[in-house]
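Next up: just one chain, as structure tokens, the form predicted on its own.
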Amino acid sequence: MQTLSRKTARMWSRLGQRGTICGVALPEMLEERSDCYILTADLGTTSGLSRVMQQQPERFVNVGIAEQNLIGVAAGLAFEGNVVFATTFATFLTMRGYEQIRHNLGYQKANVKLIGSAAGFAMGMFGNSHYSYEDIAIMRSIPNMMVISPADAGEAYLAAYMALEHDGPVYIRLSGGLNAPVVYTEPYAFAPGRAVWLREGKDVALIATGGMTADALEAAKRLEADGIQAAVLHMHTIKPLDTDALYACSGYGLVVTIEEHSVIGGLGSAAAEYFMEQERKPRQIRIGIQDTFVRPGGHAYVRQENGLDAAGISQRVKAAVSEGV
């Protein structure tokens, strides 16, 4: 396992989250452990698994375009005492394979780690059939399933190694593409269920997950120029939630959740569910995709059109602060 540093952060940023896990972390794991298997559904080269395919072909399985079978084979290998990573596009992994994930991984606690790549709008012009903005809602509803959404490629690397050591099913949601923004440049102890405060502020708490965290940090800078001090909390684990961090957020005048996901069932819903049961309830707005299918386009275009960039986030927060809603 390598150490997160400025050098590795820059290098992994070029590869993006998917390239870092599939092209760096997984090949290392196969060298380090003989009980590790890598499976995919017809996305070997596309996922960046070329090193795995060439160096460890006996522990690499491509089941073809058969996501339900992917989960079944992965669970079978796990029940034989192995730790298994299964990866394909997030939308097909979580939707086509849902029943098998629920029964084999959730109910039977198979030691399988799901890597959902190209989540959100990363598939660009492929359109809504390939977009994945329901996957957090789907995965966090399954008992025993951990749900992770890394901020950048370096954190994706750390999350993969955490999943390797965790006994039970994990879903790691990978967003963005190549040349991804860097959030972390120094070593830190990645721990599931422990959110990370990235910026201090006294007026607003921005709670972001996944690739939106970099945009939340930029939005906080823009808000500062307008006299609004925004704290930024990176919630890399949607399940289990860091309720201590959420409790701290309830002391702010406004809490804003930010995600490249539907506002229904994702981070915003998870936070609202927590706040609903507390005596101290903050004002909350959820920035994400409304209850609609979006107009397709390039990744950056879709995010901008739906207010999921630094400009859109800062404008929404300013409006909420001024209107008191």
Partner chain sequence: MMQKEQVVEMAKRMRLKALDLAYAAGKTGAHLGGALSAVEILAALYGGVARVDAKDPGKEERDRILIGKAHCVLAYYTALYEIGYLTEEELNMFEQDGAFLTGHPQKDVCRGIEYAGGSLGMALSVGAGMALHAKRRAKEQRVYVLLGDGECEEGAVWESMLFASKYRLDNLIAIIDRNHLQSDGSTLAVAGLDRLSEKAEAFGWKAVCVDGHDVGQLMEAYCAGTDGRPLAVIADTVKGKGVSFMENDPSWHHAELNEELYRKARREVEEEDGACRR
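Since the model is a prediction, treat every value here as computed from it, not as a measurement. Numbering follows the first chain given and starts at 1.
Not pictured, yet referred to below: the form predicted in complex with its partner chain.
Stretch 106-114 is the contacting one of 106-114, 218-226, 161-169, 194-202, since its residues have non-hydrogen atoms within 4.5 Å of its partner chain in the model of the complex. Proximity of residue 237 to its partner chain in the model of the complex falls outside the 4.5 Å heavy atom cutoff. Contact check for residue 300: no non-hydrogen atom falls within 4.5 Å of its partner chain in the model of the complex. By the criterion of a heavy atom within 4.5 Å, residue 247 is excluded from the residues contacting its partner chain in the model of the complex. At a distance threshold of 4.5 angstroms between non-hydrogen atoms, residue 35 is in contact with its partner chain in the model of the complex. Contact residues in stretch 1-24 (any heavy atom within 4.5 Å of its partner chain, taken in the model of the complex) are absent; none meets the cut-off.
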